[in-house]
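In structure tokens, one chain follows: the form predicted alone.
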């Protein structure tokens, strides 16, 4: 039976970057459950792949900072942009900081497909288990056993089950004695408690807000959805929310004192869509009258719009989540090579680790960076 140098489990961002960095590709294989490579890359960023951000720091991640610091420093956004530019990628910048493919995700996928030529592909193949036999690994798959010297687990998380996401990466880790922190949907919308359900009637409306969750503060767009709350600011909040309250300022940079003597009605004074103002005043039992005629109790209720607190009922779940929070405990993985500290020649990359970034290209940056550093470490050992 042929023995491969590297068996890469997963043909997503980290698996593709790892394969692309190998100098000798002929004795390596990518095993992918889907019928094509990079399915998540293809649909991300509205089909244009938000692959990195202008500013990337360890504080942008929910992770053990000491574990990710050096990797993000060595394989930073400048390294990634240079690597992609050298291979012909044209990109555009959104919001002054988010990098997208100029036209579509196909552009970055085409680069990876060129760069991994020589690597054997086994698509539409489900990995069932992995065991160690002497010095080699045996990967049991839906298309037979595959034997290799090294296994690189780049399986991603549980989000997007419709694209074939599964728990196999975590199961592999556990089978070799690794610990896995609880897995939760992240970068995902919130469902609501009954007292906040009036938000659902605003489905489709977007407003700019400032949101506080724990010690974190986010500014950005909030989208009212039929299931609850979504939009970039909510998705970022979901990464850091555990349980308890979130505070939202629906009137950032607006001083309510400036309208106290106005003869205009609230619906004509508040810098919100009239539909939003109407629902707020009804829900908070405030009359939509001239501001100067509001009662003290109504002003107190109105101030709640500046600091609206609510406790989410939960999230929209893995089917709507961008990423998975939690994963393989990083203290059990070498931060310089991403090799298991428990089993030689077993490596873990990207999202399968307990490292999760904010919305805006941070998770792709981590996937690419961890893969490149791992490949470099393996090449130096070979």
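Residue numbers count along the first chain shown, from 1. The model shown is predicted, which means the values in this text are computed figures rather than measured ones.
Quick note: we don't show the form predicted in complex with a small molecule, though the next part is all about it.
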| query | finding |
| --- | --- |
| Which of 149 to 157, 70 to 78, 282 to 290, 304 to 312 sits within 4.5 Å of the small molecule in the model of the complex, heavy atom basis | 149 to 157 |
| Listed residue (346, 328, 31, 56) with a non-hydrogen atom within 4.5 angstroms of the small molecule in the model of the complex | 31 |
| Distance check, residue 364 to the small molecule in the model of the complex, heavy atom within 4.5 Å | yes |
| is_contact(residue 126, the small molecule) in the model of the complex, heavy atom dist at most 4.5 Å | yes |
| Interface membership of residue 322, the small molecule in the model of the complex, 4.5 Å heavy atom rule | yes |
| Distance check, residue 45 to the small molecule in the model of the complex, heavy atom within 4.5 Å | yes |
| Candidate site 13, 164 and 168: all three near the small molecule in the model of the complex by heavy atom within 4.5 Å | yes |
